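Just one chain is shown here, as structure tokens, and it is the form predicted alone.
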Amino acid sequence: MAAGANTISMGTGRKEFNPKKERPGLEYYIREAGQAVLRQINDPEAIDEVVIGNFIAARFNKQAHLGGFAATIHPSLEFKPSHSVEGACGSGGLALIAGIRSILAETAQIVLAVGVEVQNTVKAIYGADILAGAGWFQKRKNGHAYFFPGQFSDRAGAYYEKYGYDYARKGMAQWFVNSIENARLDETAQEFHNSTADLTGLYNKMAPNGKNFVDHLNVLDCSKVSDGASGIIIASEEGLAKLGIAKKDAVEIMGYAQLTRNITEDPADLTELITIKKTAALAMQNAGITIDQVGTVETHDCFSIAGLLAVEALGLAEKGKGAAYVAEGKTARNGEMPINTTGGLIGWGHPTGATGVHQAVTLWQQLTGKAGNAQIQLKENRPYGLSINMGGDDVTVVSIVYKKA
């Protein structure tokens, strides 16, 4: 992978965002992300295929058939294979997997993967109903009005019951603080303009209140409603050469995995993300590495509790010890395992179909030294990056292992 690019993640938190004024639409974000990628290569005509990851534009934007927008990025992409893929919030990861498989199948040498979502088109309560489609909609009538915050509120409540409320909230508070502090280092992040001095104090003032929101989470525990897109090139070695990209400016995909659990069944244990656990383990197995060789992780923190549970699913901490691992600073950018170095979903934003591609862009930037103010230094004995993109409540998961080429 190479030549990654992000648009701004637009929504509440950005100074430019005004919900009362007309904003750019789906077409704009596809074009902006795609063209930002093309500006980094020498020959757009060399691209063999385009894959667009998107969750639910047919409802947020009343637009389907997104493959047809590839030619708006560049005229040379017309009359080339182009299609969209969907797996809820894991749609961006599925776009990457589709591109990787085309390269491995030798049906393409160069694939442009774009992830996109434009969600600030409806009020939050209506958006929650649309996003509920990432779960089994038959449960919608019995679910919380804010369906997915309700789902992960239940996970948080189960974690509190097992391990203690104050203990868990301390870890979740630190997850929020890390997210915002990292987002302040990336000018495309939704929370880039956040200037709150005491982030921990702000978080602790906002105790969960089921009368106003959901029982076990506050709004700071939640990812953003976002408009945005990300793009990246997936290529064979021959494809890189065609594009004039040096190997030092690319990352190699060392292994990947994509697993899906039964959407009609509730998780067996609310305090475990079993699909993430299985998928990340398989991706690392396929890459021939262990978590001890990973230097940085981009994980799907749609809610702070998902971050804590992912830490445990990866084996960074024992079950029930994820909150302590985070509270002790081990996931901070200067910690033992830097996670979500540009803010993740809570800090950078969560344009649902774009998130998996954004994770790949961040890891490409970090591993090739192109992350600017957000750059971290990886240890020589931990040269790998790992991404985890989750669709729904631990239903569809994509995990990919990266290393500087």
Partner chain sequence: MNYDDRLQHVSVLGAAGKMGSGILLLTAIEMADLSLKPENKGKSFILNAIDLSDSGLAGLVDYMRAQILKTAEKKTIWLRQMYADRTDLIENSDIIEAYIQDVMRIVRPTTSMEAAYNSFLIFEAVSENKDLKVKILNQIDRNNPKKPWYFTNTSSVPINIIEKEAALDGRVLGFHFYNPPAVQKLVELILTDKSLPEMKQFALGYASALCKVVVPSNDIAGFIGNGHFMRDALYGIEQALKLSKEMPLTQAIYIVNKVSQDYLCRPMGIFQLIDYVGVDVVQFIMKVMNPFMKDENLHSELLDQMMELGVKGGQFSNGAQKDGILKYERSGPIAVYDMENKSYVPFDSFHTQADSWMGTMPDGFQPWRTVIRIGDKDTYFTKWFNTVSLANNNASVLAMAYGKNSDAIGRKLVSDGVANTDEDVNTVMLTGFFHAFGPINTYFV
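Residue numbers count along the first chain shown, from 1. Keep in mind that this is a model prediction, so the values were computed, not measured.
Keep in mind the form predicted together with its partner chain is missing from the figure; the text below concerns it.
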| property | result |
| --- | --- |
| Heavy atom contact within 4.5 Å of its partner chain in the predicted bound form, the stretch among 98 to 106, 154 to 162, 218 to 226, 141 to 149 | 141 to 149 |
| 4.5 Å heavy atom contact, Arg31 to its partner chain in the predicted bound form | no |
| Proximity of Ala241 to its partner chain in the predicted bound form, heavy atoms at 4.5 Å | no |
| Residue contact check: Asp129 to its partner chain in the predicted bound form, 4.5 Å heavy atom | yes |
| Any non-hydrogen atom of Tyr167 within 4.5 angstroms of its partner chain in the predicted bound form | no |
| Listed residue (Lys319, Lys247, Lys123, His193) with a non-hydrogen atom within 4.5 angstroms of its partner chain in the predicted bound form | Lys123 |
| Candidate from Asn204, Asn212, Gln285, Thr264 lying within 4.5 Å of its partner chain in the predicted bound form - any heavy atom | Asn212 |
| Heavy atom within 4.5 Å of its partner chain in the predicted bound form - qualifying residues of 74 to 113 | none |
